[in-house]
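Presented as structure tokens, the chain that follows is alone, the form predicted alone.
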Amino acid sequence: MTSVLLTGASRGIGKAIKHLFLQRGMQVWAPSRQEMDLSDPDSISRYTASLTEGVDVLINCAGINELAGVEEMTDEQIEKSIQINLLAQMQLIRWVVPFMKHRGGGKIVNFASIWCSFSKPRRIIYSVAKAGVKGLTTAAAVELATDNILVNAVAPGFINTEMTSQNNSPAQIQALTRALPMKRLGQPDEVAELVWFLISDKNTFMTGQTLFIDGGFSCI
């Protein structure tokens, strides 16, 4: 049975991924914040040490998006966002790679965002972190390709999740929906299906890519 370590499974896209993968016969390790606090590198180390056999697939889905402008962002916000959105992904990749090499390969899916290549006011911290995820994905893919470890990233656009509702008013969401070429928000299940392809046996040659799933947002 394929084993998966999935972060961010308590809600939104991560929850949809967990449901889909369990439905399709995967063994999913989805630690809660109490079990593995991504804001604390020591907590990450303690949790991964408990998984003595590693996993076949790593999905770095967890993330936060605290809004703050250039002049209002605090050091605490910067450090917390970079740690959870970027450094935790790097730390989990560092842990999982030796196991994947020993097993002859593996799949890693990181979560970036449309804001890794675009931005808007008060998204500076998030954009910086997610641009880092895009760079992490490219660099890790190049380094690990000869070990048959495929590393890709998913960059969701406006998906119908709690985070979207928190950071956009109902009026803003309506305006966004009208502006998107597909005239609707994406659904978590749609993102989960893309992740499924990336970690499935059908993906044998795609690596180093950041795939935008955004209803055409990045085209306009």
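From 1 onward, residues are counted along the sequence shown. It should be emphasised that the depicted structure is a prediction, and the values quoted were computed from it without experimental measurement.
The same protein has a further form, the form predicted together with a small molecule, not shown here; the description that follows concerns it.
Within 4.5 Å of some heavy atom of the small molecule in the predicted complex lies at least one heavy atom of residue 126. Contact check for residue 136: no non-hydrogen atom falls within 4.5 Å of the small molecule in the predicted complex. In the predicted complex, the small molecule stays beyond 4.5 Å of every heavy atom belonging to residue 215. For the chain shown alone, residue 54 is not a contact residue for the small molecule in the predicted complex, no non-hydrogen atom being within 4.5 angstroms. Segments offered: 71-79, 90-98, 138-146, 105-113. Contacting the small molecule in the predicted complex at heavy atom distances within 4.5 Å is 105-113.
When you look in the predicted complex, the only residue of 30, 180, 26, 62 with a non-hydrogen atom within 4.5 Å of the small molecule is 62.
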